[in-house]
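One chain comes next, on its own, written as C-alpha cells: the form predicted alone.
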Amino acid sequence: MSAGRVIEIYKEVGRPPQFVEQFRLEDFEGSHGLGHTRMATESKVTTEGSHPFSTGLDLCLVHNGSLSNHNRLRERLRREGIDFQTENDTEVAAGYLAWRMREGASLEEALEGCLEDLDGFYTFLVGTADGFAVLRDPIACKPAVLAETDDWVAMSSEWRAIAVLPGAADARMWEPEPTVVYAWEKALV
C-alpha cells in the first residue's frame, strides 16, 4: 500500500504480534517503522482508510488529530496532480507533504508549511527513506512523547508504548514543543 522503492506499508486488523507474524516481519531489517494501532475516524472505518498513508515516493504519514480544511486542500492538491484514494484527512496531509517536497522543499520545510496551510489540531509523524520527523500544531492538544537513546528514537502518544523498548529506562524523554520540527536522518535512526 505504498509508493516508492524503500518504504513498505502493511495495513490489517489485529494485535501487533499477529500482524508481525502474518506479514512475516520478524526478520525485518529496516532502519525505522511507523505504526498506528486504531482505525481512523475521519473517514470510513476500513483498512484502506486507516493510517499510515503514502501519497508520495517513499513518504509515509501517521497523524493524531483532525484537520478542518482538508476538503478544500484536497481539491487544490488534485489540481497539482496529487491523487487520493480515501476521504481521510491524514491522506490529505500526506499529499500536502509529498507536493511540497516534489516542489523542492526539504521535509523540514514541508512540515513548517503545514503550520501555515493546515487548519486544525495535529501531531504528525512522517517517515521517509532517509529518516523521520515529528511536528505538533501551535496548540499541541494531542498527546505526544519522544524518547531517544544512542541506539534509537521513538515517538508515541503515551510513554507506556515506548517503555517496552530495550533501554527505555535510560532514554532521554520529552514532550515535543508546539511548532517545532524534530527530524532524524537515517544515519541517526
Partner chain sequence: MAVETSEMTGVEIVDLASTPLRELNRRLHGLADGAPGPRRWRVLNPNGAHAVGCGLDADIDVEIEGHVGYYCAGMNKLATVRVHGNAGPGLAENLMSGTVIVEGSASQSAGATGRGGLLVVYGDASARCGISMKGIDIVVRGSVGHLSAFMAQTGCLVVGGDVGEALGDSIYEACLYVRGEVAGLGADCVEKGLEDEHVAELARLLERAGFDDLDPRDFRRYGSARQLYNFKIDNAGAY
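Numbering follows the first chain given and starts at 1. Being a predicted model, the structure only gives us computed values, none of them experimental.
Keep in mind the form predicted in complex with the partner chain is missing from the figure; the text below concerns it.
Taking non-hydrogen atoms only, residue 154 never approaches the partner chain to within 4.5 angstroms in the predicted complex. By the criterion of a heavy atom within 4.5 Å, residue 173 is counted among the residues contacting the partner chain in the predicted complex.
Although the partner is absent here, residue 134 sits far enough away that none of its heavy atoms falls within 4.5 Å of the partner chain in the predicted complex.
In the predicted complex, the partner chain stays beyond 4.5 Å of every heavy atom belonging to residue 129. Using a 4.5 Å cut-off on any heavy atom, the residues of 137 to 163 that reach the partner chain in the predicted complex are, in sequence order, 138, 139, 140, 141, 142, 143, 158, 159, 160, 163.
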